[in-house]
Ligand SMILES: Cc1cc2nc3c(=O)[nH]c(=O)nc-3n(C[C@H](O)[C@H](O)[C@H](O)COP(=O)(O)OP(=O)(O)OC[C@H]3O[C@@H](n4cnc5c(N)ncnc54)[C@H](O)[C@@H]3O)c2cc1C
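The chain below stands alone and is given in structure tokens; this is the form predicted alone.
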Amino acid sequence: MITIVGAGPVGLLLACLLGKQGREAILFEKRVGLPSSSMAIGITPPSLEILETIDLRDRFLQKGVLIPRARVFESGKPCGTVDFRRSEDEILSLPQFGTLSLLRERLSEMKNVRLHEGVEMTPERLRACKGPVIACDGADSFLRRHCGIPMRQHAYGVSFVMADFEDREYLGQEARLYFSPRGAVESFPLPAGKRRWIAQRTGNAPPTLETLLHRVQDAAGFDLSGREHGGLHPFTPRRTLARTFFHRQTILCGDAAHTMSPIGGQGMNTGFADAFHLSRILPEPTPEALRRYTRERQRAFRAAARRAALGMWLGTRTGTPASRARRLLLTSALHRPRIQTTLARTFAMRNLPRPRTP
């Protein structure tokens, strides 16, 4: 019996992958029900390919919004566009509760996998587990801490605030990236005519709705005041990586193994690739297979995290000299078709190391 701890997107996906293989698994989740906040929203083409293996790709496409392009601005002036359609690398936008709902629905169709909510993993329960125990229990993983697996940590030194609003500007399905001497503001389409707005906090700006509204007005010229939003979410991203992804019977997967900046949306998708790789070796999780899993997934994480860090560093530089240099760089890059294609494939996570499994 395989035990999965944590019914977030990665844990649910792994449970569905195992269920599709006919494997017996049990999934524990300490919370009950679905979260109301949208959290992670970007689902990349490689993740859609993984979802296709459990017959979910079309359901996700029906519920989400495909992003065909991202328009980039510096100090209110257009720099260019990243067109995802040229290389067929459109990214799907779907709030995390939608992802969880679809995965739970698929899991309910599998008789060999059981979900138990309101059950928290404890040392006593862990000792009672006879087979592999998969830690999908998030960045503050109990299982990782219980095993004493050390983490490398790095602070990015920037903070953001975000919320989802009704799209009264009718910006459609495209993403918008607004850079300026005061930092970055980003906007992404959501289903049901909504948009996510994310603003960098600079100076002594508090993590409040007023800060977000002011930054959006200043950078994009849109007044979002008076609109309902799905909750305000301040966050300070960090990068973490476990030294190893397994210890005895416990195997780390997703945020329990690594976290990176959510800007760019690569964290959840890296976890999806972890789950896909792990699902292929769990029938025979030999020490060598688990060492290979650790090596290959750490390599993929480092590549994705470097890109996320570089993109965040470029977009969050403040001050007039940084703004001018960024405008020259972006305008030059976004008007070169080859660079445009490379950027689209990078955002879509097409050119990351792929799992090499039996």
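We number the residues from 1 along the sequence you see. Remember, it's a predicted structure, so these values are computed and weren't measured experimentally.
From this point on, the text means the form predicted together with the named molecule, which you will not see here.
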ask   = Quick one: of Ala309, Met39, Ala333, Ile54, which gets a non-hydrogen atom within 4.5 angstroms of the named molecule in the predicted complex?
value = Met39
remark   = With the partner omitted here, the residue among Asn269, Ser187, Gln200, Ser180 that in the predicted complex has a heavy atom within 4.5 Å of the named molecule is Asn269
query = Of the listed stretches (301 to 309, 39 to 47, 317 to 325, 61 to 69), which one has a non-hydrogen atom within 4.5 Å of the named molecule in the predicted complex?
reply = 39 to 47
ask   = With the partner absent here, would Val10, Met121 and His233 each sit within 4.5 Å of the named molecule in the predicted complex, counting heavy atoms only?
value = yes
task = Would you check, heavy atoms only and a 4.5 Å threshold, whether Lys30 touches the named molecule in the predicted complex?
result = yes
inquiry  = in the predicted complex, does Ile134 come within 4.5 Å of the named molecule, counting heavy atoms only?
reply    = no
message = Even though the partner isn't displayed, in the predicted complex is Phe142 close enough to the named molecule, meaning a heavy atom within 4.5 Å?
response = yes
ask   = Closest heavy atom of Asp255 to the named molecule in the predicted complex, within 4.5 Å or not?
value = yes
ask   = Within 143 to 176, which residues have a heavy atom closer than or equal to 4.5 Å from the named molecule in the predicted complex?
value = Met162
